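Here's a solo chain for you in structure tokens, the form predicted alone.
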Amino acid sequence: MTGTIVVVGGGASGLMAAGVAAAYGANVVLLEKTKRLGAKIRIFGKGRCNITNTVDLPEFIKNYPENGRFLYSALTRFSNWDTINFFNELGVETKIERGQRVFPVSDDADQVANALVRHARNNGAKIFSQKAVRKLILSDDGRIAGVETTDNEFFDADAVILATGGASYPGTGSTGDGFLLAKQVGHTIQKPFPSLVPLRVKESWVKSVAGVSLRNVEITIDNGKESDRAFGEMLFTHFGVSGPIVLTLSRKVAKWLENKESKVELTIDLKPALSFEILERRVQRDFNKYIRKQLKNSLDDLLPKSLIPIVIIESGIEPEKYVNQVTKAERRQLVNTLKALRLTIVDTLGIPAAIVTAGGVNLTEIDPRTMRSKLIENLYFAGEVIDIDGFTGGFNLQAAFSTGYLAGISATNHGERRD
């Protein structure tokens, strides 16, 4: 390989691709549109950076809701354990937490981003920040001759790796540029939509419990035709709901809303470990315990304090009513509400607020064994610009690392493998 590889994008996949290609002897130029490299990495996991997960490969594939099989080659070539070893060798010690999620021991996302930057630079990659690419330049034979930046600079390229990210968190530089660049040279873009995104709801009462986190609850989403559910932790916000299990189901909600489903509901089972009958007996015990109190003061053992008035109102019982006056029918209605607190979803917060972007470059136009374009001989893709998105738990960063590694290796060997 004697030519230059131009990597467009200085995020997780781009830095990995640049570092690996340079390590294998390629002349690498990385162009990043923002001032800071790895900006999105630095905010992942609330600044702690969940870099991967330790589940096995079949389970890993399942955590990409639609197109996981496409990643089989990439995840085989550079696995979750390769990622852990890679960072350990760069001085980033890791630890495994709940859900088999892997974090740096330091709980510092900057350490992860800085290690990737250092890896690329130490291997000889030339990095230019504040260099936005506006066009991929095609030669007469249909190959990419180079890239043109917004300040009218031209970079020759023997191969180009497009690793611009999606359109989520635009403040980090992910503004959908890669979709436009790929489309310019003939690629099909699957319509981008938000994934891992908070949800807006119709009910105004959520404002009164904004900031309240619920653990070990089960939520169900339903559009009247199909449903899905998740168990774990969620969070109320001033506009609706968020938290791990909401984010997990949000991709499906976003698709339903895009398809103009007439009504999308979210139901919270506040006590999923208890059957209706057992929960009713539990409520009865609490009523006996607080028999001289009003209903609004009798549920402290069951619920967060700020949620109690909401549950009572939704159950249709008078809050001022004394416990010993609550009828059996009312008690059962209260249990119904505890098992099925309903919200109406009206929207997502949109792509800018999403952790990742679903959609992107059509996978049928990319060779999964190399990440090379099937349309342009010397164009490669890595990371969120392609039509891959995963659930929370380290799966999205692993996809970025694996596709970046594979694209970097493949582009380095491009001159030897041209066919």
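From 1 onward, residues are counted along the sequence shown. Since we're looking at a predicted model, the values are computed, not measured.
Only in words, not in the display: the form predicted together with a small molecule, which the text now covers.
Asker: May I ask you to choose, among 132, 313, 349, 302, the residue with a heavy atom within 4.5 Å of the small molecule in the predicted complex?
Answerer: Flagged contact: 132.
Asker: With the small molecule left out of view, choose which of 256, 169, 78, 87 has a non-hydrogen atom within 4.5 angstroms of it in the predicted complex.
Answerer: After the contact test, the surviving option is 169.
Asker: Residues in which of 158-166, 215-223, 280-288, 266-274 have heavy atoms within 4.5 Å of the small molecule in the predicted complex?
Answerer: One stretch meets the cut-off, namely 158-166.
Asker: Against the small molecule in the predicted complex, would residue 6 count as a contact residue? Criterion: heavy atoms within 4.5 Å.
Answerer: Answer no; every heavy atom of residue 6 is more than 4.5 Å from the small molecule in the predicted complex.
Asker: So in the predicted complex, is the small molecule close enough to residue 397 to count as touching (4.5 Å, heavy atoms)?
Answerer: Yes.
Asker: Since only the chain is shown here, I'm wondering whether residue 14 would be in contact with the small molecule in the predicted complex (any heavy atom pair within 4.5 Å).
Answerer: Output for residue 14 is yes: heavy atoms within 4.5 Å of the small molecule.
Asker: Find out whether any non-hydrogen atom of residue 32 is located within 4.5 angstroms of the small molecule in the predicted complex, and reply yes or no.
Answerer: Output for residue 32 is yes: heavy atoms within 4.5 Å of the small molecule.
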